[in-house]
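This document starts with two versions of one protein chain, written out as structure tokens and named structure 1 and structure 2.
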Structure 1
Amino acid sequence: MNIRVSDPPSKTVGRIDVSHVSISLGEGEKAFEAVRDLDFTVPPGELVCILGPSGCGKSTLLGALAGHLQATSGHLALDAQTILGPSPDRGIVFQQHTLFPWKRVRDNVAFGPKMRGIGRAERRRAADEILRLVGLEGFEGFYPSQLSGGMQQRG
């Protein structure tokens, strides 16, 4: 399998449609509507920044777009395909990094391909290429604790 990591942003795919989306978190009396009746479209290739005070629902919205959270009502779609769950087509960089502290940077990046059954040499080559693209060339053999916070998020 060939892993492509250097495709430029596409002008034809990547349209996001969010229509009348509400998302409730928690159960019963503690339930909280973190997103209410949100409606917007992001055209393919457009870079969008979501701004708002702490706790206003930004991560909740991203969690739903990633497919980790279910909307209570409304509809989310990527390129007219309804978002029903997580997919390798939709990535998310978490606020708190999610690295294995006991694995080197290269092996952290190569973990996803490893789980998909890609061979050691191929996944290491792909990991090194990704690390080069995000400016972490030379840090492949470091452990997460040896990187800055921003470097850890890029890993």
Structure 2
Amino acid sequence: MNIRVSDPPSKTVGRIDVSHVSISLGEGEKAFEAVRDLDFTVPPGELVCILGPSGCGKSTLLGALAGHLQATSGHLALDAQTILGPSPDRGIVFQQHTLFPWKRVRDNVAFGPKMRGIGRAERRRAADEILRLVGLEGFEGFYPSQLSGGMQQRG
């Protein structure tokens, strides 16, 4: 298995279509509609900010776009491909970092490939390239506690 850090996406990929999406959370009498009939398109290359009060469904929507939650109704698509579940082509950056505090930055980045059985040399090369792409070159040997909050989110 090879890990390849791809080139930055071109301006022709990255279209997001959210068509009459509703998302309910919970089950039975405790279920509630976190997102109701949301409908919008984000063209490739567009920068979008989702604003709203706590509990209005922002994180729920992002979780569905990442493929971690299913829409109760409607349709979610990326580049005309229906989002049916998680994909290595999509991800989410959490408000709180999810780094292992006892692992150095490089080892945190290489953890996923390690779990997939990728060899150590290949994991290190890929992790170093990713760290370079997110502006963390030179911090490979640091622990998360030695980084700023923004650096931790990029790690």
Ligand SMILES: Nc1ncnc2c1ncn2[C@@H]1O[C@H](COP(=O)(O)OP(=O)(O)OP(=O)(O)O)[C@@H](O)[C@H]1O
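When a residue number appears, read it as a position in the sequence of structure 1, where counting begins at 1. Rigid core: the largest C-alpha set superposing within 1.5 Å between the two forms. The structure presented is a predicted model; accordingly, all values stated were derived computationally and were not measured.
Q: Is the form predicted on its own structure 1 or structure 2?
A: Answer to the question: structure 2 is the form predicted on its own, whereas structure 1 comes from elsewhere.
Q: G52: CA shift of at least 2 Å between the two structures after core fit?
A: Indeed, G52 is displaced by 2 Å or more.
Q: Using a rigid core alignment, state whether the CA of P86 is displaced by 2 Å or more between the two structures.
A: False for P86: its C-alpha shift is below 2 Å.
Q: Tell me whether G119 is among the residues that move between the two structures (Cα shift of 2 angstroms or more, core superposed).
A: Moves: no, less than 2 Å.
Q: Superposing on the core, what C-alpha displacement does G28 show between the two structures, in angstrom?
A: Rounded to one decimal, the shift is 4.1 Å.
Q: Taking the rigid core as fixed, quantify in angstrom how much the C-alpha of P43 shifts between the two structures.
A: So the C-alpha of P43 has moved 2.6 Å between the two structures.
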